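Only one chain is shown below, in structure tokens, and it's the form predicted on its own.
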Amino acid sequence: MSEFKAGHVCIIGKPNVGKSTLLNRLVNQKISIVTRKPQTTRWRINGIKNSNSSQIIFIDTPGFQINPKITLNRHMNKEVSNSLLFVDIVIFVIEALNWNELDYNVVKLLKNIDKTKLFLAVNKIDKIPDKKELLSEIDLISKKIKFHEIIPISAIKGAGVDRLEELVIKNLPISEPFYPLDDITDRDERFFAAEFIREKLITRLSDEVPYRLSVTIDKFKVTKDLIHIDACIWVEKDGQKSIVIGKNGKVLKEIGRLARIDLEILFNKKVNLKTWVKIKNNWLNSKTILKEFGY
């Protein structure tokens, strides 16, 4: 019988390249919320993939930003930097044929890591009709930084993801598992309740408002047949509050309905979800408030 392997794998890249979609695909479970808007992910999130011979702890990270001005965004960059500590493999995700300064900013960060195997995952290849175009881009990137493996993938379609996982397992160290073999994440139910609500807010609202709001869970009570969740949506201004609630409460009701559907699938139980919208001025730049919100 082969020896058991276990290790930590950090997924890193600029905003909106498909890191969270890749994590969800790798662990076959919705762990990280996904929208089309950048900066959706605010925390590092562990997704755990178990088998009879290995345990992979995939770490999803926020998109790395250049010189962030807002305290929340600086927190997000710190989450990325901290995620690179003590990992066995880093998967640097880029979007095929869309290399730019934001990617190069990540390269500069990765040049500081030692003794960690570095993979390049070229994502969204399903959008490239002529795959030969990828070769020159990959050659250009490889001149900037050395990779142990380069894998073209489509996180949303699944192409190349099995091969990526095979290479990860091949390069993991021999180790006992870090978590029980039935765990799929290190986050608790309250975290997912808040995140699934925030996902629906990001998807439903206009471009600016989602970046100015946060969600906290005031109550999470499990009974035999039902989960009772009280959630608070925090914004900075009265105008934002009006947008979130909508005319006659229509927007807030729809967000609650959509979030409840996902939460019932996740928890496999009926959910009674109640939401309120409250104001905290300039919370994005307040270290004290950010700490209260769990950042």
Ligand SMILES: Nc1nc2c(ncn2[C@@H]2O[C@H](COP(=O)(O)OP(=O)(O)OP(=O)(O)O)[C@@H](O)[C@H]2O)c(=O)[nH]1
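Numbering starts at 1 and runs along the sequence shown. Treat the numbers as computed from the prediction; the structure is a model and nothing was measured.
Omitted from view is the form predicted in complex with the ligand, to which the following refers.
Colleague: Would you check, heavy atoms only and a 4.5 Å threshold, whether residue 55 touches the ligand in the predicted bound form?
Modeller: No - in the predicted bound form, heavy atoms of residue 55 and the ligand never come within 4.5 Å of each other.
Colleague: Taking the ligand as it sits in the predicted bound form, is residue 156 near enough to touch it, meaning that at least one heavy atom pair lies within 4.5 angstroms?
Modeller: Although the ligand is absent here, residue 156 would touch it in the predicted bound form, with heavy atoms inside 4.5 Å.
Colleague: Can you tell me if residue 126 lies within 4.5 angstroms of the ligand in the predicted bound form, counting non-hydrogen atoms only?
Modeller: Residue-level check for residue 126: yes, a contact with the ligand.
Colleague: Looking at the partner-bound form in the predicted bound form, is residue 36 within 4.5 Å of the ligand by any heavy atom?
Modeller: Flag for residue 36 set to yes.
Colleague: Is it the case that 9, 47 and 50 all touch the ligand in the predicted bound form, with a non-hydrogen atom of each within 4.5 angstroms?
Modeller: Negative, none of the three is within 4.5 Å.
Colleague: Can you say which of 108-116, 126-134, 77-85, 166-174 gets within 4.5 Å of the ligand in the predicted bound form, counting heavy atoms only?
Modeller: Result for this chain: 126-134.
Colleague: At a 4.5 angstroms cut-off on non-hydrogen atoms, which residues of 72-90 are near the ligand in the predicted bound form? List them in order.
Modeller: Heavy-atom contacts to the ligand in the predicted bound form: nothing from 72-90.
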